[in-house]
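A single chain, nothing else alongside it, follows as structure tokens in the form predicted on its own.
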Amino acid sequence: MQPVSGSPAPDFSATQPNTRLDLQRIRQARQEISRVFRDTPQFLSATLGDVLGCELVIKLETANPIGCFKGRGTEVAMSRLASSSGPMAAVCASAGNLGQALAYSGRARGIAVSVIAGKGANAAKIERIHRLGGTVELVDGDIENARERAREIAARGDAFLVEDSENLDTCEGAGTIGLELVEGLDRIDTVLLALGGGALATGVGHVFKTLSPATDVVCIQPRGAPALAQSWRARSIATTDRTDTIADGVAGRFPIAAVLDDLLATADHVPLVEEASIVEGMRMFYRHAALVTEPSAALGVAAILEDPARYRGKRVAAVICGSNVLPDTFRAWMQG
């Protein structure tokens, strides 16, 4: 593993894509994010890159107190709520990672946090939300049912709703990852981003399309949770009745129209990958880069495995977005 040297200052005069996001606000967001979430490791993984046939840059978003990238967005949202005249309480729907991030950022600022999750949510993530001081309400169904309940609570006026991806702070907070990548490398041919609600994809994608427009922005979903990918392909909202994937962090069914518009302006390629490729991606991270990843974080390597010619010989940056996985389940996946 080799650190990656810095590059010349980006061109601030570059034209921004037509999204809700703004480069200057993303730069300002840096100042509102705790240092524990900023300037995360990014390095060349020669061993894994050799196996995959590309020059692989790993951007490690798991080396923080909650093991995922979402703290960048919740730090921005909670900093702004703390300085407002609104209620000092926040609510979100989460499969686990956003809830942990919001609980962490809220506790640091004296803001009460409630997290709504489906009853099938990852038990370890739910436990960590409790330990971080958040309260959890479990509802029947999945993340979409949890979103309905979170909106009901916020509509009463008792709490500020942090809707992942719809709330612009979550997107622009995630966009700071893109700034660090662009400023830290002299060239990135392709950036690989997990696609769930869209905060990571649109935030990082906006930065690349502004400061490094030649970079291929690839946003990946599991074939078992394809709603936003299908929407991107159709250029209109497509929903699904159910999801069937181990990648719980990206398993939404009802895309948000404004997020789709942002994705259409930033994504160059939105592939769907098989479950077997996701598991193999996790194995490769563990065996060749000594990294424990959750399924959502392995979507990028899964995309390389299923379409190697697209990435062969290129410098590819993979954002490792989360490492929150149950130990027993992870061990079982590593047995193959």
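For clarity, every value in this text was computed on a predicted model and none was experimentally measured. In this text, residue numbers run from 1 along the sequence as written.
In what follows, reference is made to the form predicted in complex with another copy of the chain, a form of this protein that is not presented.
60 is the sole member of 54, 272, 60, 279 with a non-hydrogen atom within 4.5 Å of another copy of the chain in the predicted complex. In plain terms, the part of the chain that comes close to another copy of the chain in the predicted complex, with a heavy atom within 4.5 Å, is 288 to 296 out of 263 to 271, 25 to 33, 303 to 311, 288 to 296. Among heavy atoms of residue 131, some come within 4.5 Å of another copy of the chain in the predicted complex. At a distance threshold of 4.5 angstroms between non-hydrogen atoms, residue 19 is out of contact with another copy of the chain in the predicted complex.
Of all the residues from 27 to 55, those having a non-hydrogen atom no more than 4.5 Å from another copy of the chain in the predicted complex are 35, 36, 39, 41, 42, 43, 44, 46, 47, 50.
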